[in-house]
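A lone chain, given as structure tokens: the form predicted on its own.
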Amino acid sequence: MRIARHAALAAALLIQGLIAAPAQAGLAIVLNSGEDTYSLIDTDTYKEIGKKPVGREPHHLMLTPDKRDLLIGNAVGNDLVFVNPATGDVIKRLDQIADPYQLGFTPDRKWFVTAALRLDRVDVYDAKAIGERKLTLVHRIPIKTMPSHLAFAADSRRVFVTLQDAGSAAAIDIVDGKILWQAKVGPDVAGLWLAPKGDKLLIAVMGSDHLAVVDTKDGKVLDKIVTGKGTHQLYEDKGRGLLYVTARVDNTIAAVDTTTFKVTRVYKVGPGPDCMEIFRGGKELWYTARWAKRVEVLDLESGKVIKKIPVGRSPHGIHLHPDAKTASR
């Protein structure tokens, strides 16, 4: 009877929000940018187990360098939300973080950078107090138009950014807050990936069907890799030496060898594939299907979509709890 009473009390406190939900290593968090919420998914049952309001137009999310907090950027809400990645509970909200559409830390963890797509600028913050959940604005760099995605050089000095509406890419000196170069790449550019040697960028050309291979010295386009119409986002599987690339018109995901830059396989998937995460020791690829209001799970060996998980409107960023990413099933 005593155990039952304790369980009932705990349940009541949980409902009232007076205690935190228990940690769930098998938790996925998905941003529903079209309805200002995020969904919580149980990765064991492949089912949505909750949904929470977060702020206006959440698009991208990432772990802090110490992996303690999950950061969610509300692009129109102009704030940054700190969330417990194991429970999905909101911890803190930082106001006056203007239009954090895309976000990232430099490899040395000293700088936090946001691409303000709506406001046509890149903002650089001093991140030394991120453990205290604080940021200090250092540079506000105007750049047109629609800065979209980011990639950081290994020296933490440069950030590369795609300018979606301009069809261009740019390199920015983070420390000095200056634009080093800006160059045309192709129509409607989006995601990008920096090769390990630091000499080339692969940039998704969403208004066409390919990745542009770009020289990091000056932005010159060296080659292209055809991946599918509406090429949009990139995700690296370092363990297999592959880059997964979504195509939101063809509704495909291409696997590109990161050494040869050759397409090794193309998977047919659901409508509007966008952000991705590898799961279950590399057996599954989870991705948001933005046009279908769901998350889909791709079995990479068979090439089949094995699960379709309904979530909110226009799902965008996705995060899988790191304790479960490498687990087998």
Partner chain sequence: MIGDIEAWLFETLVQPAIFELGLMAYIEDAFTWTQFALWGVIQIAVIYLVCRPLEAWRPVEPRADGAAIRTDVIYTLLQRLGVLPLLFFVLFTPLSAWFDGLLRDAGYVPRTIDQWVPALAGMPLVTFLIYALVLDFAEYWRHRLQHGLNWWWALHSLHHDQRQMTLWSDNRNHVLDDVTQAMWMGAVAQLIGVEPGTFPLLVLLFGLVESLSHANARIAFGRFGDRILVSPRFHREHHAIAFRPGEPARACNFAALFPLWDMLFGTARFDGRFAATGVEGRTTPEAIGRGWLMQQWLGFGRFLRALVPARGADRTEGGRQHEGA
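Computed from a predicted model, the values in this text were never measured in an experiment. Residue numbers count along the first chain shown, from 1.
Here the subject shifts to the form predicted in complex with the partner chain, a form of this protein not shown in this document.
- Contact check for V249: a heavy atom falls within 4.5 Å of the partner chain in the predicted complex.
- Put simply, R118 is close to the partner chain in the predicted complex: some heavy atom of it is within 4.5 Å.
- Proximity of G230 to the partner chain in the predicted complex: non-hydrogen atoms within 4.5 Å are present.
- Taking the partner from the other structure, the partner chain in the predicted complex has a heavy atom within 4.5 Å of a heavy atom of D165.
- Note on contacts: among G207, G198, P142, G177, the single residue with a heavy atom within 4.5 Å of the partner chain in the predicted complex is G207.
- This chain is drawn without the partner chain; in the predicted complex, the residue among N84, N78, T258, T216 with a heavy atom within 4.5 Å of it is N78.
- Residues with any non-hydrogen atom within 4.5 angstroms of the partner chain in the predicted complex fall in just one of 298-306, 34-42, 61-69, 277-285: 34-42.
- Not one of D108, A153 and Y235 comes within 4.5 Å of the partner chain in the predicted complex, counting any heavy atom.
- For the stretch 278-304, the set of residues having any non-hydrogen atom within 4.5 angstroms of the partner chain in the predicted complex comprises R290, W291, A292, K293, in sequence order.
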